[in-house]
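The chain below stands alone, shown as structure tokens; this is the form predicted alone.
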């Protein structure tokens, strides 16, 4: 039992280390790779759990990658899993940023580095669109009109009216609480 737990923690650490080391573009990119690894390949989580964890990670203060690592790590291995996942997630950026900071002046003025970064932005944008479409499709597949209405309203509020994402998250959370309370009250009446 203890050996399999240790093996699982080692797999978790190296999975997060690999994902974090080769992920550029922010939290949504890492969440996509986490989903592929922990849902599709290892089957440690199901899609709904990953979707819920993504929502919690996004709506919590801090970096979404670290927040998601905390949640996945806790689910997979409790406190030890959480620490393991966070260490695997933060070590690559700390190492890379430490190295870059030593040579910042050289990087900042290098035209080739600037062009590489511009090219990476396009790839990152594509991955973020992939995540958004995948998560949106998951919401639409559940076929609950309220969730679809929230999705459409959130998109419209962000895209057309430039509403701050914090207000959108708070409003969606409030609707979720109201729906949960109504469902609970309806379940108690039966």
Partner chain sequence: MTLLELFLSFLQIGLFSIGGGYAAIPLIQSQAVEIHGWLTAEQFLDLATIAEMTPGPIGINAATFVGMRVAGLAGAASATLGFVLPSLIIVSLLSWVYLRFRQLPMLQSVLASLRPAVVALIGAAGLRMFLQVGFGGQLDIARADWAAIALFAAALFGLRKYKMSPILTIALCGAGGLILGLLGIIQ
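Residue numbers count along the first chain shown, from 1. In this text, rigid core is short for the largest set of C-alphas that superpose within 1.5 Å between two forms. Quick caveat, the model's predicted, so the values are computed rather than measured.
The discussion below concerns the form predicted in complex with its partner chain, not included here.
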For residue 10, is any heavy atom within 4.5 Å of its partner chain in the model of the complex, or not? no
Considering non-hydrogen atoms and a 4.5 Å limit, does its partner chain approach residue 28 in the model of the complex? yes
Its partner chain contact at residue 127 in the model of the complex, heavy atom, 4.5 Å: yes
Its partner chain contact at residue 39 in the model of the complex, heavy atom, 4.5 Å: no
What are the residues of 133 to 151, in order along the chain, with a heavy atom within 4.5 Å of its partner chain in the model of the complex? 133, 134, 135, 136, 139, 147, 150, 151
Cα displacement of residue 10 between the shown form and the other one reaching 2 Å, rigid core superposed: no
After superposition on the rigid core, does the Cα atom of residue 124 shift by at least 2 Å between the shown form and the other one? yes
Is residue 37 displaced by at least 2 Å at its C-alpha between the shown form and the other one when the rigid core is overlaid? no
Given that the shift is 3 Å or more, do the Cα atoms of residue 35 and residue 159 end up closer or farther apart in the model of the complex than in this form? closer
Since the Cα separation of residue 128 and residue 36 moves by 3 Å or more in the model of the complex, tell me which way: closer or farther than here. closer
